[in-house]
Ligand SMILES: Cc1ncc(COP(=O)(O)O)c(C=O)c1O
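Just one chain is shown here, as structure tokens, and it is the form predicted alone.
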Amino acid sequence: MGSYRLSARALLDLVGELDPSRAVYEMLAERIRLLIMDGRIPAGTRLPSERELAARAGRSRTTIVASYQSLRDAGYLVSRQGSGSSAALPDGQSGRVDTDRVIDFARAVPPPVAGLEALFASVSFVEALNGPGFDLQGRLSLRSAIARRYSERGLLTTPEQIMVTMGGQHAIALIAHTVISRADSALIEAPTYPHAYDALRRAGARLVTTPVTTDGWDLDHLLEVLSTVRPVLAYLVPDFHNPTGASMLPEERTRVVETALASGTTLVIDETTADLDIDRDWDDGPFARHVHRRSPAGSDGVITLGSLSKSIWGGLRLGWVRASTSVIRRLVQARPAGDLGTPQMEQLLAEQIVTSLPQLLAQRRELLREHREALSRLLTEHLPGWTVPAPHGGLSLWAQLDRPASSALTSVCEAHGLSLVAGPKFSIDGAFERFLRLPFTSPIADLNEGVRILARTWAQLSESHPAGHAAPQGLEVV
């Protein structure tokens, strides 16, 4: 086993807040089990002793002993005399489940868009040999095509304001390490895209949150945090928000821009889902248009992220940053510490894709509409107690369960061949146990089978943990 030891404080940070309506020992065991299964606590990691964890958590040692024993019984914890307790995966699970095929409800990854194969065949990749082996900012022809699309959508842009990256996540990490200094405050939404807050944390940011629901943003709260905390950076997903599917209204965008400019906050606007419109009856164009209306010269206030990975194909790891030329220069200077540029062959293909985006997105829209309606219909039929609004775009539904058991459901479904991501993964504090993100990107046959597994598993969990169930004697319930 590995020698890494997790402190009690670090473990409790990962566990987050526990649902006060359920037995503490049970919730703690479920959270740790989920952390081990999704790799946030690697197998072999030594956990803190029962006494140390009880003291740090302010719980009785009896409660912690019961949690650890539950994990041992399920095969997620191995204890040896003198060596303590270490995380483990049950026999036969080492990253796999007991079924031959896993239905993927964890990743929101659509299939390659219709028409992509023809574009592959039309590109002469030999042309890549005529350019530099690497380029920190990206091929001029591709940057010109991306800039042209922004200009056509109402945001005048030059190629010098574009940097080509290896996907949206690469762009987020590069921006975080360039803009943020250790202990700077950064604002994120709750819930939000998990890899974004991971990147901000790794850059040293102190995170503050503002709530988002399927109905939208608590705008008063968002504006107050911008005004009082004055974060260096605010990461927002205003179009078909991941995971809620909400879209920020045009008038709300204007107020966010005004407040951010007054607070000196750089808005990092993730528009990697902006092209995934299914049936929204309005389009406000790029978010950064609102900055230029107020201060055409002060264009440092918004950094925009784009990507082809979600709208076209997940296997095409290509994205971009749109910002002022001064910000782009800073990113170019910082980039060599992590990589030396986006591969030329991907850029040649991306240029053809960007030029053909209107036609390709029309094809994508039809597939997403069909799959969204299929998943919504299946959930209504098989899980009528859940609340599942249908978003106007994006790749997933943000389902509200009829009781807070997202982590338990995820753990049990894994053993039945259904891969899920529990609601707490989208928070920094373990919240959202009552929620589950359900992508509608899988084949419809998989959506059908996956929902049936969900419904059966949920019924089993409801029978084994009925409302008002009692904890074993001697264990505290808080």
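Predicted model, so just to flag it, every value in this text is computed and none were measured. Quick note: we count residues from 1 along the sequence shown, nothing fancier.
Below, we turn to the form predicted in complex with this ligand, even though it does not appear here.
Undergrad: Where, among 161-169, 362-370, 250-258, 112-120, do residues come within 4.5 Å of this ligand in the predicted complex by heavy atom distance?
TA: Among the listed stretches, the partner-contacting one is 161-169.
Undergrad: Could you tell me if all three of W398, S406 and E433 have a heavy atom no more than 4.5 Å from this ligand in the predicted complex?
TA: Verified in the predicted complex; spot residues all out of contact, no.
Undergrad: Note which of R317, R201, R289, R149 lies within 4.5 Å of this ligand in the predicted complex, where distance is taken over heavy atoms; exactly one does.
TA: Contact residue from the list: R317.
Undergrad: Please identify the residue among V237, I312, A186, I175 with any heavy atom within 4.5 Å of this ligand in the predicted complex.
TA: Spelling it out, the residue with a heavy atom inside the cut-off is V237.
Undergrad: Does this ligand come within 4.5 Å of any heavy atom of S307 in the predicted complex?
TA: S307: yes, in contact with this ligand in the predicted complex.
Undergrad: Considering non-hydrogen atoms and a 4.5 Å limit, does this ligand approach T272 in the predicted complex?
TA: Yes, T272 sits close enough to this ligand in the predicted complex that at least one of its heavy atoms falls within 4.5 Å.
Undergrad: Should N242 be counted as a contact of this ligand in the predicted complex, where contact means heavy atoms within 4.5 Å?
TA: Because a heavy atom of N242 falls inside 4.5 Å of this ligand in the predicted complex, the answer is yes.
Undergrad: Does this ligand get within 4.5 angstroms of any non-hydrogen atom of W386 in the predicted complex?
TA: The answer is no: W386 has no heavy atom within 4.5 Å of this ligand.
Undergrad: Can you name the residues of 360-399 that have a heavy atom within 4.5 Å of this ligand in the predicted complex?
TA: Heavy-atom contacts within 4.5 Å come from no residue here.
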